[in-house]
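Next comes just one chain, in C-alpha cells: the form predicted alone.
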C-alpha cells in the first residue's frame, strides 16, 4: 500500500492512470540474505533494496539497520524519498535499503563485515552502474558510508561519508539544520514573531534530534522537553541543550539529566509553541492525536504521523509541516556531496548551510504558495512532488 493517496490527489492535480500505476508500486526491488561467520557464530539477516521511482535521477536513499525493519517499511521509505527529492527539485530518484539486524549487538568490526557483504551482494546490479546512492539512516553512520566507499572506490557512489574520506563539511548536521530552518519559516508563516523565546519539545535525540535542538537553541528557542527511547525530561525554564549533549556523550542516559522525567506520551502532549517528532515513524496516531495541544508540528522523522492521526490533527486546527519538506536538508546536502564527488570540488561548512537554508526556503515557499483552504500542507507538498514526478515520467516517454 502506498504512503501517498494518489486517488485523493486527483482532486488537486491531474495524475494520468499510467502515472498512478507507475507510482503506486516500486519500480524495482531485491531481497536477499546477508550470511557470514561472525566469531563463533553464523550470522544471517534479511536485506532489501528498493527503487520507488528513478524518472528524475538515480535512486537515492539511506541504509536502515534495524532489527524490526521490513520490506514494506523499506518500500514506504523509498516512496517518501521519491517525493522528497521531487519536492526539492533535486535530480535524484527515490530509493531505500535495509538490513534486519540490531547494530547495537555487533562489534564495530562485525558491523563493518556486514556492510562489506551488503556491498558485495549488490555490487554488480546497483553500485557499479551507480544506479543507487546510499547514505546514513537509522542504525548507520558516516563510518559505515566510508566502508562502502572503501569497497567501491567511487566518491559519488555513497554520501554521508566523513569529510576526511571525501564527505561534505556540514553533512552530519544537514537534516537538523533543515528542520530548524523550516521551523523558523513555519513559525513566521503562522504569524509568530522572532523565534527567540518560542517554546518547543523534541522527541528524539539522535543525529537529527540533537542537531535540531542545537540549531534551535542557537536561535533562542526555549526547548522545554526532550525525549529518546528511554523516556524524556522536562524543564519549563528551558533545557541546557549543550549540557545535555555533554551528558549523553559521556555515556549517561538522557533521562538522568534535568529536573523532571516525563514519558514520550507526555512529551507529545506538552503545551508548546511547536512540537518536533524526530525519532521513529507513526508516533502520532488516532489513539493519541487528540492529546496534542500544540498548533504546529514539524515532522523531522520519516512518517511520524499516521493518516488517521493527520485527519484528527487537521480537524483540531494543528498545522503539520510534512516530512518530505521538513527533513529534506539531508538529501539537499547529499546532492551537494554527490555533485562535488563527481567534480572533485570542495566546500565549507558554512557554504553547505547556505545551500540548505536557501533550498529549504524556496521549497517551503512553493508549498505555501500552492496551499489554500482546501488542503493541508501535506496535501500541497505531495501534490507538488507528484506533479513533478508525473511530468518527469512523461518527458521520458514512460507513458
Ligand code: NAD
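Just so it is clear, the structure is predicted and the values come from calculations on it, not from any experiment. Positions refer to the first chain, counted from 1.
There is another form of this protein, the form predicted in complex with this ligand, and it is not shown here; the text below is about that form.
Partner contact region in the model of the complex: 276-284, out of 239-247, 276-284, 307-315, 120-128, criterion any non-hydrogen atom within 4.5 Å of this ligand. Annotated contacts: 178, 296 and 321 are all free of this ligand in the model of the complex [non-hydrogen atom within 4.5 angstroms].
When you look in the model of the complex, the only residue of 75, 203, 157, 88 with a non-hydrogen atom within 4.5 Å of this ligand is 203. For the residues 301, 184, 292, 223, the 4.5 Å heavy atom test against this ligand in the model of the complex is passed only by 301. For the chain shown alone, residue 56 is not a contact residue for this ligand in the model of the complex, no non-hydrogen atom being within 4.5 angstroms.
This ligand in the model of the complex is not approached by residue 258, whose heavy atoms all lie more than 4.5 angstroms from it.
The shortest heavy atom separation between residue 133 and this ligand in the model of the complex exceeds 4.5 Å. Contact check for residue 64: a heavy atom falls within 4.5 Å of this ligand in the model of the complex. The partner is not shown here, but in the model of the complex the stretch 80-94 reaches within 4.5 angstroms of this ligand through a heavy atom at 84 alone.
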